[in-house]
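Only one chain is given next, in structure tokens, and it is the form predicted alone.
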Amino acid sequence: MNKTLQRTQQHIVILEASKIISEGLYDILYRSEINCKIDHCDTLDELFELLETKTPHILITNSMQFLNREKEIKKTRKTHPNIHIVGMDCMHMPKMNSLFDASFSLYDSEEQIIQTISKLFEKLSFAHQTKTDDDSLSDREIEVLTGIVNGHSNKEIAESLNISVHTVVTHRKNIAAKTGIRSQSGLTIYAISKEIISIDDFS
């Protein structure tokens, strides 16, 4: 396993109503080599409340939690682009597969489950390293950029990220300084080219 995963504490949220399943995942994760802290939510609405103050690295969710709420999930993915979502038992819901970055079955072995999650953390670690190397945008600047690309006002971005409008303006200035781009259309192209957002988000 990547040594970075052992050294850096990762934030995981488990979205699962079943106490037995969520406690089983807790046990598997805490016995693994992943250095993590874990929050738990019973419902999607509880998750939305948590996201007002925290931005986890990975969300592990029962795919049934997303049923008939795809629009809300897509909106959440736009406002929190740095969260990777792992679906549990989503093989019977192919239309929703695009909402997940990875998936596993509850019938998978502990090793398979940990491997799925570890691969995502390695991807996050590599992305962070790349950003540091080329002096790209910070995680918060990416969140602000995503709001800009989606046509949100400074006030709307501030409210969604639980920060002040003044802080949003400061981030916008930093984004413009780093990218050399000020227009929304230019920033949209930049965000797509850097894979911060997907062109599918606009389809």
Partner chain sequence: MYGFNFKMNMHYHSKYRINPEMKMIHLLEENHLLLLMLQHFEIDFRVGDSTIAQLCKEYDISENLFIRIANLYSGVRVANNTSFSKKDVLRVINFLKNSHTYYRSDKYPQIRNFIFQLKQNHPDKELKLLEQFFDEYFAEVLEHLNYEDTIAFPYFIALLENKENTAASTNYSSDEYSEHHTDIELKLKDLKSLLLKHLKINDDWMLRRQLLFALYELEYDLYIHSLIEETILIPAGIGIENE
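Residue numbers count along the first chain shown, from 1. Keep in mind the model is a prediction, meaning the values are calculated, not measured. Between two forms, the rigid core is the largest collection of C-alphas that superpose within 1.5 Å.
One more form of this protein, predicted in complex with its partner chain, exists but is not displayed; see below.
The three marked residues, 20, 84 and 166, fail to reach its partner chain in the predicted bound form, with no heavy atom of any inside 4.5 Å.
Shown without its partner, this chain lists 50, 44, 142, 148 as candidates; in the predicted bound form, only 50 has a non-hydrogen atom within 4.5 angstroms of its partner chain. Taking the partner from the other structure, its partner chain in the predicted bound form has a heavy atom within 4.5 Å of a heavy atom of residue 39. Taking the partner from elsewhere, residue 69 is found to have every heavy atom lying beyond 4.5 Å of its partner chain in the predicted bound form. Taking the partner from elsewhere, residue 173 is found to have every heavy atom lying beyond 4.5 Å of its partner chain in the predicted bound form.
For residue 192, a C-alpha deviation of 2 angstroms or more is recorded between the shown form and the other one after rigid-core alignment. Contraction of the residue 177-residue 84 CA spacing by 3 Å or more is recorded in the predicted bound form, set against this form. Relative to the shown form, the Cα atoms of residue 59 and residue 192 move apart by 3 Å or more in the predicted bound form.
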